[in-house]
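Before any questions on how it binds or moves, here is one chain, the form predicted on its own, in structure tokens.
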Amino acid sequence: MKTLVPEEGDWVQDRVTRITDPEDDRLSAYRNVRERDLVGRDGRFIAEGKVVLNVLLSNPAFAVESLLVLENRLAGLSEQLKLCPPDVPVYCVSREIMDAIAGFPMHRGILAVGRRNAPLSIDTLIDTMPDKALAVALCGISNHDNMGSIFRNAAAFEADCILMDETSCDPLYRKAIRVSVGAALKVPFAREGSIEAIVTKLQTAGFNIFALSPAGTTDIYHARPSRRVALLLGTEGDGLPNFLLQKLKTVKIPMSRSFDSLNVATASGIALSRFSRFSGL
């Protein structure tokens, strides 16, 4: 059964399918997303909200497989629907059906199943970076909120890429994408191997690596940038492994001695601001 959005052209009628049964097999990818999205789905992921959808549609590295939209949100998605390839199904449901499918209230009313077309390798990302570059390297970042915030900061300060070891969480997890406001679909990234291998590859490519730690030997505002800088951040609590801190340049963010604890995502924003092209260095 098709539905027509008022004051839209006939093309909307051709694109949108109204579904009234939450058990409809066409909606299987959206069912219980809260429980199912703890890990990636063979390169597929759930994108949530109009802002994230805009980023998804603008990046050729990703493809949209289908859309699931609340009835009252269709009228505001005409431009996005025009950007979707004609073979991408667009499903329209009531709020009751949406909540039943997703497993929790979807206040944005817009979901999409996306796919990463060709995951990049760390070698490829490093080889294609410009002569003057700013990279972020992550070790053991396991919190999806932190991961999403780091991507958002990287996009804001125009980092060239994010490289993460295999112990870091998937930035394409639904919550990470949402917290990043779509930046996880914008900033090039690779997730593979050990942090030791990533550090070695960055050094070989001429990157000056700054390892962030509250016990760093140099104030971050006194650190001298070079044409190629990589900021290395570790998980909250344990931080970076000692063997890396012992062999790399370590920097600290000056703060209160009585409470020297910053969220890793906040630390990434301060460090990226310091070394971005906007800093005037």
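When you see a residue number, it is the position in the sequence shown, counting from 1. All values reported here derive from a predicted model rather than from experimental measurement.
Beyond what is shown, the protein has a form predicted in complex with another copy of the chain; the following relates to that form.
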| task | Within 4.5 Å of another copy of the chain in the predicted complex, counting heavy atoms only, one of 94-102, 154-162, 188-196, 115-123 shows up; tell me which. | result | 154-162
| query | Can you check whether residue 255 is within 4.5 Å of another copy of the chain in the predicted complex, heavy atom basis? | reply | yes
| message | Since only the chain is shown here, I'm wondering whether residue 181 would be in contact with another copy of the chain in the predicted complex (any heavy atom pair within 4.5 Å). | response | yes
| 4.5 angstroms heavy atom contact with another copy of the chain in the predicted complex for residue 273 | yes
| query | Do residue 65 and another copy of the chain come within 4.5 Å of each other in the predicted complex, heavy atoms counted? | reply | no
| said: Pick out the residues of 209-239 whose heavy atoms come within 4.5 Å of another copy of the chain in the predicted complex. | reply: 219, 221, 236
